[in-house]
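Given as structure tokens, the chain that follows is alone and in the form predicted on its own.
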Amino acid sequence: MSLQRLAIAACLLPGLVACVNSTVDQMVFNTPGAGIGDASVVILGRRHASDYETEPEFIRCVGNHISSRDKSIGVVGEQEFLDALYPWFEPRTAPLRPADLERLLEHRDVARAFTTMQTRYMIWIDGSTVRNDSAGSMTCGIGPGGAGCFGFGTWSNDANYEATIWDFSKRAEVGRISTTASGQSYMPAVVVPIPIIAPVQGTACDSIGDQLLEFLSAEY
């Protein structure tokens, strides 16, 4: 078992103050060593909580991050997987523990779908990005000289995600990665609003994607 913590700070441009601070914790129990070969991995979002859902666009971002950097890794699309295994991975029926996979495999259609997709790893991602602490004001209007806006707005975004890696062949959890990212965005307006957006969710996606690549890839 290994535990690793990384802290990252990134700014959009030197002259524009829209920075993101990110921290990644990685705990891995076993690694494939030589990659996953012909097997595939599926990345799924947890959507059991009543006050948020793990955004589908974030799940796609992580999957694209992995497949674009190591084309040997087969990433099954979340919606493709959910459609093939409906309704066994809907929020009310999805397995909460690796041991629950045994129950699912008692259904012939479920076992056949897993075999067809050659799924080796299931990666559950739980979390969300939320907007907080909005401040400032902006006024827009139309006058004799034309339309325009004047003012200044600011807000913060906080991302918090955790990826849990299940080894389907072992019916066991083999790794866990968590990341937090926060950043302050701004929108000054003198006639035209100019958003200066801190890429909080994108930074969190890259952070988790890079750590998953270290686990899955034979070359990364």
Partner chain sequence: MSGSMTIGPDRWLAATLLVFLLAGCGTKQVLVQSEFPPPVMNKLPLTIGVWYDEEFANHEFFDEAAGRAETSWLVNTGQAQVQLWDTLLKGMFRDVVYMNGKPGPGQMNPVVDAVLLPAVDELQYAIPAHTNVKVYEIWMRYRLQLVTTGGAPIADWTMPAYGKTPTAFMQSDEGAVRLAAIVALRDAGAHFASTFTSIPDVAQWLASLPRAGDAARRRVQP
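Residue numbers count along the first chain shown, from 1. Values in this document were obtained by computation on a predicted structure and should not be read as measured data.
Absent from the display: the form predicted in complex with the partner chain. The rest refers to it.
Enquirer: Consider the chain as shown here, without its partner, and state which of 76, 85, 73, 122 has a heavy atom within 4.5 Å of the partner chain in the model of the complex.
Expert: Among 76, 85, 73, 122, a heavy atom within 4.5 Å of the partner chain in the model of the complex occurs only for 85.
Enquirer: With the partner left out here, if you bring back the partner chain in the model of the complex, are 90, 107 and 110 all within 4.5 Å of it by some heavy atom?
Expert: Checking in the model of the complex: 90, 107 and 110 are all within 4.5 Å of the partner chain.
Enquirer: Any chance residue 50 has a heavy atom within 4.5 Å of the partner chain in the model of the complex?
Expert: Yes - in the model of the complex, heavy atoms of residue 50 and the partner chain come within 4.5 Å of each other.
Enquirer: Does at least one non-hydrogen atom of residue 56 fall within 4.5 angstroms of the partner chain in the model of the complex?
Expert: Heavy-atom contact with the partner chain at 4.5 Å: present for residue 56.
Enquirer: Just to confirm the contact call: exactly one of 41-49, 64-72, 191-199, 176-184 touches the partner chain in the model of the complex at a 4.5 Å heavy atom cutoff, so which is it?
Expert: Every other range fails; the passing one is 41-49.
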